[in-house]
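First comes one chain, alone, set out as structure tokens in the form predicted alone.
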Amino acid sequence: MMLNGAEDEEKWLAEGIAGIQHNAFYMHRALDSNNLREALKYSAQMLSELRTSKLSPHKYYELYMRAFDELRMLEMFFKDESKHGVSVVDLYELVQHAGNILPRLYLLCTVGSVYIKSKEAPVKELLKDLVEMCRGVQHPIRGLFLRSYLAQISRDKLTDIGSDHEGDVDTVMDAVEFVLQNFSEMNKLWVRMQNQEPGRAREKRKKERSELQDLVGKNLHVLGQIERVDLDMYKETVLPRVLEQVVNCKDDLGQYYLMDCIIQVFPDEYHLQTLEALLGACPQLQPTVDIKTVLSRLMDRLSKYAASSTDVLHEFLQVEAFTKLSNTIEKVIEVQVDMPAVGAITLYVSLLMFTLRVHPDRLDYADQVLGACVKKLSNMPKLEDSLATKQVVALLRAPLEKYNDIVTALTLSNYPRVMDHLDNGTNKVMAMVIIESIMKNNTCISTADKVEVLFELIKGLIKDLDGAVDELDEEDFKDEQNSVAKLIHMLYNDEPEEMGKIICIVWKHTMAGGPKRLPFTVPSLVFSALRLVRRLQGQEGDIVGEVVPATPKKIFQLLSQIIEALSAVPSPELALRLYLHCAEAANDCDLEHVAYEFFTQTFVLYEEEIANSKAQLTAIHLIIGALQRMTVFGVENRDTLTHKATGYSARLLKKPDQCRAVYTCSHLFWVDDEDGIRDGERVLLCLKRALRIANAAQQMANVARGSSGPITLFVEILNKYLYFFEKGNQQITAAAIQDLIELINTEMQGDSANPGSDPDVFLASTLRYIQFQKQKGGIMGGKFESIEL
């Protein structure tokens, strides 16, 4: 059926176009021969094709444009009196004798435009006559196109009236009155279309009306182009009359389109000075009108107007634009009780954007908008509409993007309250946006109060909200927690007392996040605290502040608690590393007993929590490295710790691991500093013990695989011998090095299965180094001279 209907419409359109072309041919022939009577006859017959009711607005427009093009030719003929010999006054009377009303009125409008231009009659009377006569056509589509034609042909004449030096105020008012009356009649015809057919046809009619809306809007465009329509005339005449039509039509499509037309057509200055009247119409619109889009476009235009020049900003303050917009939005939301959440929130987003652009210095305005949004959100159930949620995120992002400074957003008391209305997932997304803003702009949060507010904002990342169990992808979770860890480094204050408060606040919130988050956030917190410790180096007394740790001792106490919580996760390897960092910081502060306690905790972790052999090897090397750098320990404490380290080294599971750990322990007894320990005998004992373990490893390899294992361990020990030999350890002699080289050569002869292997290359490189030292001469060359290769 739809296909047949479309085919029929195409057929009717083709017949109408053919009729127009046929009569236009004879009309042109009459125009060429200056035959007025024949021209009027065929033009009337041509225009009779526009009487059809079978076409949709889209198809009727095609037919109308064919006739319109022909009427332009006819108008040019009417202008030239020398061709037809009839005055414009007589011509105006003559065309009124056309048989049918629709062709008659088209011809009357055509002649009328010429009559106005000639100024042979009062403009007011002519305009009034034309607009009144057009009431004779009440069919909506035919009437709309007829009045559209009237507006189109009179358009240039009306704008000339506005700019003509001899056009007085009364003449301009006549032109304005004509356009307003034509607009009023067109609007009535347009609205009437919606009520012609009930049921399902109403949707079809709505679509057809959307196709015709520009015909009605043309009148407002004409008003906007009349130059002498100044602000006073607009305020006192134009806007009240147009708004009266908008409100009284009671049609949602009409009200939406016409409000949008008003906003787009007239100057921004006019909108600002008539803001109260324009906004006063908004609560009177139908509940189904998309008022959020109308107001959003108005605020967007006003924002751009404010940005165009700083000179206009005072006008916004004079008319109290923000207050009026805010009050209107409140009224609209109150009146439209069925407005969805997304509509209300969108209005607040637009108002906030307006505020940030026009009044960026008025944070109280921005906070007021956020507060109004909180009030609205509090009166509705939990947000489940994804579009509404997106708008809330847009509301929260606006201050961040405007100020590029989270510190400014933190001063908005209602900002966290808005975030509370987001679901858990969106809350996390917004928290990530906040952190990204801080990192991007390199923003430093420097007060404890602001840190407290900030961590309330990002609580979706640092703890599980409402006891919910997140089914979050592991990679996403890591990204989130790494972002929080980066954020902690952006919290800083030069004042030790304030920085101490910040650390305590972060620790409080971090502990609320549960064990799975601690491995990500604790290291950042520890290093932030250690940075404070190093700034406080040498201070023993308390700094003003009773609760906050502001001396190294107190901070180390807090650090011990923090790392202890981490070791209970369990994450012993990470806890061990952090204990060692704290021990080194205590060493720098010359706090021996504190450093000793951290090493004690390190060894406890090693004994009780680290069971994996590979992790044990890594841990023991870290312990040895840290212990070797310690300078604060007395003889007793140092001996105790080095004894522990060497003991654990010798008890590693794998012989090669034992060997490497033991020869590394040799560095604990020889520190190459001015005041460092230099116990050559104990160094030699470690290296000899490492040789025995290496030999045992070789024997075990021989038993297990039937051949001696690689000689890498021996070469590594040889390099340690060479290191201490160069450093001046009297216990390491050239003879001992010679013996070790011979031992390695013997072992290599016994294992000739892998020539060119890594141990061979390693040994060759070591021997080249010895040769280089021998050839260098001097004291060092003399020391190496007795070693034979």
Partner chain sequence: MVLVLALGDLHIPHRAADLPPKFKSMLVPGKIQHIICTGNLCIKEVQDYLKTLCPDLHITRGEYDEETRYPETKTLTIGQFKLGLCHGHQVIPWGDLDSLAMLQRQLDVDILVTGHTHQFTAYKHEGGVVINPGSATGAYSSITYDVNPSFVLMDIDGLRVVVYVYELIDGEVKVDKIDFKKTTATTHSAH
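Numbering follows the first chain given and starts at 1. Here the structure is a predicted model, which is why all the values come from computation and not from measurement.
One more form of this protein, predicted together with its partner chain, exists but is not displayed; see below.
Comment: its partner chain is not present in this chain, but in the predicted complex one of Ala626, Val392, Ile406, Val179 has a heavy atom within 4.5 Å of it, namely Ala626. When its partner chain is considered in the predicted complex, only one residue from Asn441, Asn379, Asn482, Gln96 comes within 4.5 Å through any heavy atom, namely Asn482. In plain terms, the part of the chain that comes close to its partner chain in the predicted complex, with a heavy atom within 4.5 Å, is 616-624 out of 616-624, 254-262, 272-280, 417-425. Contact with its partner chain in the predicted complex, defined as a heavy atom within 4.5 Å, is made by none of Lys655, Arg692 and Lys783. In the predicted complex, its partner chain stays beyond 4.5 Å of every heavy atom belonging to Ala701. The closest heavy atom approach of Glu70 to its partner chain in the predicted complex falls outside 4.5 Å.
A residue is said to contact a partner when one of its heavy atoms sits within 4.5 Å of a partner heavy atom; Arg104 fails this definition for its partner chain in the predicted complex, lying far away.
Ser524 belongs to the set of residues with a heavy atom inside 4.5 Å of its partner chain in the predicted complex. Along 554-590, these residues reach a heavy atom to within 4.5 Å of its partner chain in the predicted complex: Leu574, Arg577, Leu578, His581, Glu584, Ala585, Asp588.
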